[in-house]
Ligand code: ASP
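Just the one chain here, laid out as structure tokens, in the form predicted alone.
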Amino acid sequence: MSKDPVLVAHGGAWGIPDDMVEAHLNGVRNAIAAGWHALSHGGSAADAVEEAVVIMEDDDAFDAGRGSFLNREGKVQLDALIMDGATLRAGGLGCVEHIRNPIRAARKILSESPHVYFVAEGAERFAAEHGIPLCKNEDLIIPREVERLREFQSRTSEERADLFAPTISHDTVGAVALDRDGNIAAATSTGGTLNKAPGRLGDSSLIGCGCYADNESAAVSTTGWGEPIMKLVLAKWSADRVFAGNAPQWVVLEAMEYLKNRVAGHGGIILLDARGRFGIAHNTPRMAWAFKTTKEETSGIDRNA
């Protein structure tokens, strides 16, 4: 039986300043348009989340792809994961410095490799061997982020303590989708945190932490402070609660409470089940989000109910 498709995207959960709201809203709307085009032309849920995330990786407003935060050495290091709920196959990569759209490479890993995860040079070699062009790291760096890193590194150690505050930028991007065949998928992509140590991985590209999809439960993408999210394996935790019979919107609200109360974490989450029910929540001041169904298309910067 054919299902009505659904697509949900997020562009990061933090204290998005007023002068950046429109850029974030435009970014998630453009992502929805690209993903929906794939769904409406017979594409799979995995196709849809890949296309949606590519748009946000290419958008300088977000901490993914070009325009990402710089690490301690002034380089962009990117992580991404895509997961197919029908097969539980996944493709992930971490700490890549020469791939403009890591979600494209992640999709190649999902579809063309017996492995699930590649890192650093090995990930880049796999990508190049499978038709993904490599780029210079400088091509991923923009002046705004050079200045952001310079300003941060000029602070005292006491002044740097607020790096993981809810108001600090966490512009990780993600999408979840349901296709006409009733399958769901999830994708998440990030440049990580500002001034991170080289080689640091966050939650975004780790199965069950920042991304998860299983037709029997839910497709999930998270954003925010990665270390607390990893400790709770939050995406899988949330999917399991849908499997147990809880409604998606209830689950995402509970997930944000759990994140805050258990490990003093903050972030945001989108979740979609194979029935087309979805939830959106965050415990930060704002989160850019958008969704589209056959009957409705909406975007916003704040949603917790």
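Here the structure is a predicted model, which is why all the values come from computation and not from measurement. When you see a residue number, it is the position in the sequence shown, counting from 1.
Only in words, not in the display: the form predicted together with aspartic acid, which the text now covers.
In the predicted complex, aspartic acid lies farther than 4.5 Å from every heavy atom of S221. In the predicted complex, at least one heavy atom of D171 sits within 4.5 Å of a heavy atom of aspartic acid.
Interface residue remark: D63 is counted as part of the site for aspartic acid in the predicted complex, having a heavy atom within 4.5 Å.
Put simply, R125 is far from aspartic acid in the predicted complex: not one heavy atom of it is within 4.5 Å. Heavy atoms within 4.5 Å of aspartic acid in the predicted complex are found in exactly one of 113-121, 146-154, 213-221, 187-195, that being 187-195. Looking at 199-228, the residues that come within 4.5 Å of aspartic acid in the predicted complex, counting any heavy atom, are R200, G202, D203, S204, T223, G224, W225, G226.
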